[in-house]
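Provided below as structure tokens are two forms of one protein chain, presented individually as structure 1 and structure 2.
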Structure 1
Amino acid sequence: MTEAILLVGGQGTRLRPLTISTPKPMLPVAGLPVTVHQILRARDAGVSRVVLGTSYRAEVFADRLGDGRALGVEIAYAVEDEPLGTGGAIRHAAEKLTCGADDPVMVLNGDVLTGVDYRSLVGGHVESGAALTLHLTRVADPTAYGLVPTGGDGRVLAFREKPQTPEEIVTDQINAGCYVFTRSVIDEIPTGRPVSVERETFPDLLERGLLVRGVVDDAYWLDLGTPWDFVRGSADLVRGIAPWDGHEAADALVLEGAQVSDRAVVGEGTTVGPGVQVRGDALVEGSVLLEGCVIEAGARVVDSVIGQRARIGAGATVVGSVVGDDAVIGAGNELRHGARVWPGVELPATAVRFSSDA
């Protein structure tokens, strides 16, 4: 039996207003919470027990997921009373593990979609006798990430902070937020205080001469930290670009209870949530329409998220924007270039054009 820790305690401030009432990992991506997608992939790789490290709105996870039986796993909950950092959260969650000191424990960041082979990652970790195995991915622009150079044998050589100059870019490999720990290593993380794995735990393992493996894998990988990546990840799942076992790739995912006009055009990986109405000749591409929202005739919604029960008026244009729950965008408005409309806000007809802050 393999156990996993899923870190889902973040507040998701970069995803506001979507996360004002819903924790980031419970936002529906292609109709299912990110957390559910991750649990199902872990289950299919042999994980039978998952510990959720929660904090912000922890009750939402328990109410939705329960004991995990419906997902084919056992779920336990470890709730942080105060932020403990990634390392502290892992150590806190470990109190709910049942495995032995020499057993592998998979640890997953709660806001990542990935196609990496979990089973292979765990198997390689056990076979090598490593203290820690990290999934590494290559990115075109590594300046926003900590860098993880490795040797020819896959041994991690260092953990470097975000590069400030071109000379500091020693590799394009970054930490992809998926780890396999030997349980005893987790138990050595200090308790009762915040701990950073990147600045404290990982470098300490290298200083002690323990084996830290980096597995570079170019499978699908996306951090869902911003609304724009959230939309992209959802569309990639719908279209079969991101891995989703049992899902048949489609141009759109229309969920039960949604109503889409015969004259409407809905595609590019759009998810139409339960109870949504897309009326008349509306156009919706590459977007996420959350439960109960209404898109009126002639409206154009592209690469955007429309919140629950929100309404996009006739002829309005919403491109690359986020509209919060219960907001109303009046007829003829134009929202573009990262505009965010907070929940409950009502914009009169043609009140806004090309705004980046509504």
Structure 2
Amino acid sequence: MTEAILLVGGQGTRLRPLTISTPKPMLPVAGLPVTVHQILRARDAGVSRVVLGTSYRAEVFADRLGDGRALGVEIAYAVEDEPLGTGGAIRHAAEKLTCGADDPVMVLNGDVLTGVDYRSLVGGHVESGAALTLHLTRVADPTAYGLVPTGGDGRVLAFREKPQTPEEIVTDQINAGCYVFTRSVIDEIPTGRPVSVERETFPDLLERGLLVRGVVDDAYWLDLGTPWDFVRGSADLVRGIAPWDGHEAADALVLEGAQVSDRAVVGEGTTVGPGVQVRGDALVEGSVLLEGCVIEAGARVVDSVIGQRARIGAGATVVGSVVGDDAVIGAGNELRHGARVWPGVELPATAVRFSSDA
């Protein structure tokens, strides 16, 4: 049996306003919270017990996931009164682990979709006797991540979180946010104060000369931390590009109670949430339509997230934008790349519509 810790306590600032009411890991991608996708993949790789390290909006997790039985795992909760940072959260959550000092513990950032083979990551870790194994992936622009150069033997040479200068960009290998710790290494993290695993714990292990391994692979990988990556991750799941066991690749995912007009075009991996209405000849591509929102006839919604019960007026255009819960975008209005509309805000209509069929 392997135990896992999921880090789900961040504020999800870059995904505001979606994360005002819902913590990032509980936002649905392809209809299921990111956390649920992660737990299911971990379970299939032999993880039977998961400790959720929560802080921001902790109650949302327990309300939705309970004791984990419905997902086929046992879930325990470690709630931080004040956010303890990634390292502090791991140490705090470890108090709820049941395994021994020499056992491997999987730790996952709560906002990552990946096809990495967890089982072989854990197996390789145990075989090597390492203190820590890091899953690494390659990205075109590594600056927003933790840089991890390795030697020919896979030994990690350095760990540089979010490099600030061009000289620091020594590799395109980044920390993919999935670790296997030997339990005793977690127990050495200081308690009672915030600790960053990336800025403090990892550099410290390297300094002490402990064996830290990096495993690079080409499996699907995406951090869902920004709105653009969030919609892309959801669409990749729907289209079968991101791993999702038992899911049949499709152009769109229409969830229960949703109504999509015959004349509407809905595709490019769009998820139409429960109770959503897509009316008339609306066009929706590569987007996430959250529960109960309404897209009126003639509207065009592309690469965007539309909040719960929000309304996109007739003929409105929403591209690469985030519309908060209960917001209203008036008929004919246009939102372009990067726009964010706060919950409940009403933007006026800006154009006369000639066809008004619903």
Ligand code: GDD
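In this text, the rigid core denotes the largest set of C-alpha atoms whose superposition between the two forms falls within 1.5 Å. Every residue number counts along structure 1's sequence, beginning with 1. These figures come from a predicted structure and were not determined experimentally.
Only structure 1 comes from the form predicted alone. Comparing the forms between structures 1 and 2 on their rigid core, the Cα displacement of residue 162 reaches 2 Å or more.
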